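Single chain ahead, by itself, as structure tokens, in the form predicted alone.
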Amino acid sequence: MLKNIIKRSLQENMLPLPISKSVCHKWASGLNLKKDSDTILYTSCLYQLIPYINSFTEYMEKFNVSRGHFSSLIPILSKFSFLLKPKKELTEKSEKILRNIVNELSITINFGYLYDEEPYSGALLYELGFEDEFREYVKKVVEIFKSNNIKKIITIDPHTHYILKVVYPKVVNFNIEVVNYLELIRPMKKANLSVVIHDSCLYSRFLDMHDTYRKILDNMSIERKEHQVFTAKDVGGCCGGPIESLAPEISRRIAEIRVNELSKLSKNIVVVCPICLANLSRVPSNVNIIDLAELF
């Protein structure tokens, strides 16, 4: 059932959830980013989807999806997507993150943005194991890049970066340069703040970027608390986000454990992934869940 919903949504609007495509690009209104550049900022709509993902997950928990009631919920949400009520503060937070990334990148590189033509990467299909559907969908995404003469893509999240950098070349003819925004920015702003990092599993263990965002925090004079287990490269904990669409209750429990262990080091938890931001933000607590880009 979940696969069918994702497939249908991707066919209709090239997004994994049945929501308006305008959700993905309205944050860029007024920024006057070029659309005809061969170097683009590629959001894959992940940060923009955070408020809708959390709303979707709340419905799944309410309807006890993990206990087998999934089939009764999904058709309702597919036909009545307006039931997904994104929280205003989370929408504003996502837009601030995207705009701060644009501001920092603009200092060092010229780039454009595809606006309403920007497709979702298909990462969720791959991560849930729907590989045949993923291979077919990726062809459509690459065709959009080629039709816009894209030569270089700047990613802003670990899931999209891993899919484009590591997986795409294995399943399709893909010769576009992929670079992550964390490798390009040099924030000059200083902040009197002490934080603990919740690492992205992909950045830390699979893309060798564990130290990349630590250096950014160091350059901003932000104190970071480290722990031999909680923030270690190879054994740091998961946020629980990857299973939120399959087992939301278990996903929330994992997030609670993660927030509890990190809060022993600092009440300011810095994340570098929209999925981590979404799932850790579901935990009621007295800690601040902060995306790195909010500090720029």
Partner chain sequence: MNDVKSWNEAINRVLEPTIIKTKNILDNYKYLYDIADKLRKAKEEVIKNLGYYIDKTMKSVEMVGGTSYLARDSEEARKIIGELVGTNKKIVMGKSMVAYEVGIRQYLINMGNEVWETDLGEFLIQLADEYPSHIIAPAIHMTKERAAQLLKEKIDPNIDESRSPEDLVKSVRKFLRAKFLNADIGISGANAVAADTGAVLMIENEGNIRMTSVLPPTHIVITGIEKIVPTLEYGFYEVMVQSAFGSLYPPTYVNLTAGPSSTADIEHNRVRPAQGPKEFHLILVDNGRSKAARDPVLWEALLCIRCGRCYFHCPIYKTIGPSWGIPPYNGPTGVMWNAVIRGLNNKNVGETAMLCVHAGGCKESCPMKINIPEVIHYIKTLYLRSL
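Source: prediction; values computed, not measured. Numbering follows the first chain given and starts at 1.
Another form, the form predicted in complex with the partner chain, is not on view; read the next lines as being about it.
Residue heavy atoms within 4.5 Å of the partner chain in the predicted bound form occur in exactly one stretch of 202-210, 90-98, 139-147, 186-194, and that stretch is 202-210. Residue 174 falls outside the set of residues with a heavy atom inside 4.5 Å of the partner chain in the predicted bound form. Contact between residue 234 and the partner chain in the predicted bound form is found at the 4.5 Å heavy atom cutoff. The closest heavy atom approach of residue 223 to the partner chain in the predicted bound form falls outside 4.5 Å. Within this chain, residue 253 lines the site of the partner chain in the predicted bound form, having a heavy atom no more than 4.5 Å away.
A single residue from the set 267, 26, 35, 227 has any heavy atom within 4.5 angstroms of the partner chain in the predicted bound form; that residue is 227.
In the predicted bound form, the residues of 117-134 lying within 4.5 Å of the partner chain by at least one heavy atom are, in order, 126, 127, 128, 129, 130, 131, 132.
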